[in-house]
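One chain comes next, on its own, written as structure tokens: the form predicted alone.
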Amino acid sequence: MQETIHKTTIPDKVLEISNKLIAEGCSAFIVGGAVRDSLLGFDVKDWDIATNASPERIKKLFYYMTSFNLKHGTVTLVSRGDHFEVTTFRGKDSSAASIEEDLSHRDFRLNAMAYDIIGKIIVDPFNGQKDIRKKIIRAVGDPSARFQEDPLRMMRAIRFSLELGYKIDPVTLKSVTLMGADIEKVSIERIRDEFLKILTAKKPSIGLNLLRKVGILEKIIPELLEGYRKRQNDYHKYSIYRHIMETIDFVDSDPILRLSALFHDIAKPRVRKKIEGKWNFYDHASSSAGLAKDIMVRMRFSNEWITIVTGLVLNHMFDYKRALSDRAIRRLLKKVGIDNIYRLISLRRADNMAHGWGEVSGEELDVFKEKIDALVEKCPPLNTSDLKINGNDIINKRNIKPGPKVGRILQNLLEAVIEDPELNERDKLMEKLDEL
């Protein structure tokens, strides 16, 4: 019969790794999120094993499996694309440490549980099951000691609270508030990844506001706080900051969309000017796109994500209310790209809903989307690769050398084809070359 933790089936590979460790005289316990999620009835995504074996011995025992070390004291074993982390017990002397000592150094009580492979029982020295029943996030032992070990745990407390709908224990939350500035000790890559998990939760504004209250947000994205309590014009019920929070909550949980919502008005405080008694925000989309790029570079997002997000922010004020021609819509498609045009529509819809004046009719956006659907179905040429001629044709026709000039000519041809798609035939484009 397949072994289980609270009705959750343990994968054969996890049992194989654990049983081999035990057969070699080592300890083996399933720990952390796997135990927590099985008790909560969630699908277990990560299976981690704790042992008293050293990383060197783990690698030696599993010489026949691909392995790598990304975290201190942890060996990640790879089997058919699945990763299994095997970690040496935490403690002053890991070789002599026990599972109880290991659990005492974990972040929160609901994560400080283990499953004993031999005894087939849950080891729960810190009452993690009780915290799950009470729906509370509580640090193991002294919160300040746990956060000193890894300040990122402060963000993890907020993330778990958000994902599970649990409250943070007052003593734990007080430590987060007192130590919030210590987040600067953590690498920006780890902060970025944890921030994204908060941003893609069901209602991210709750987590972002908690980050603001405990002083962490000002260390990560201080620019966002520039809009706090900054009023807008009559078109908006809420302040700049509140409007951004509302937009994030309304938009789908796609991380690209959530980031775009986070940044879409971020530069408004910097361009905010009162003209004839009313606040105006001229060119805020362009300024917000530039500021978004600076922040994303600082947080070491990929160039691909930076390009997509800044493009959505730059174009989020696109005109969809006028009777736009197919030509105008093709130009917008070229700027944004077919892959992101629907994200742009979703962002604008959320932006409109976040103005705060009650229900917003989305009929005009729906009509615009129908026009996009019809055009996309025709597969209009939007990139130089869609043209019926290529760089070699231009080189041979014009008798010029390869270089930037060829690219400029292709771009000019593409602009002509976007204006008139019927031009995208080889003979017509070759004739057009003579006109350029």
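All figures in this text were calculated on a predicted structure; none of them were measured in a lab. When you see a residue number, it is the position in the sequence shown, counting from 1.
If you look for the form predicted together with adenosine-5'-triphosphate (ATP), you will not find it shown, but the lines that follow are about it.
Out of the listed residues 107, 169, 246, 265, 107 is the one that sits within 4.5 Å of adenosine-5'-triphosphate (ATP) in the predicted bound form by at least one heavy atom. Screening 237, 90, 331, 293 for any heavy atom within 4.5 Å of adenosine-5'-triphosphate (ATP) in the predicted bound form leaves a single hit, 90.
Remark: residue 281 does not count among the residues lining adenosine-5'-triphosphate (ATP) in the predicted bound form, judged by a heavy atom distance of 4.5 Å or less. Contact check for residue 84: every heavy atom lies farther than 4.5 Å from adenosine-5'-triphosphate (ATP) in the predicted bound form. Contact annotation for residue 242: none of its heavy atoms lies within 4.5 Å of adenosine-5'-triphosphate (ATP) in the predicted bound form. Proximity of residue 355 to adenosine-5'-triphosphate (ATP) in the predicted bound form: non-hydrogen atoms within 4.5 Å are absent; the residue sits far from the partner. Here the chain stands by itself, but in the predicted bound form one stretch of 152-160, 203-211, 227-235, 303-311, 152-160, has heavy atoms within 4.5 Å of adenosine-5'-triphosphate (ATP). Contact with adenosine-5'-triphosphate (ATP) in the predicted bound form holds for none of 6, 27 and 100, as no heavy atom of theirs lies within 4.5 Å. Along 187-205, a non-hydrogen atom within 4.5 Å of adenosine-5'-triphosphate (ATP) in the predicted bound form is carried by 190, 197, in order along the sequence.
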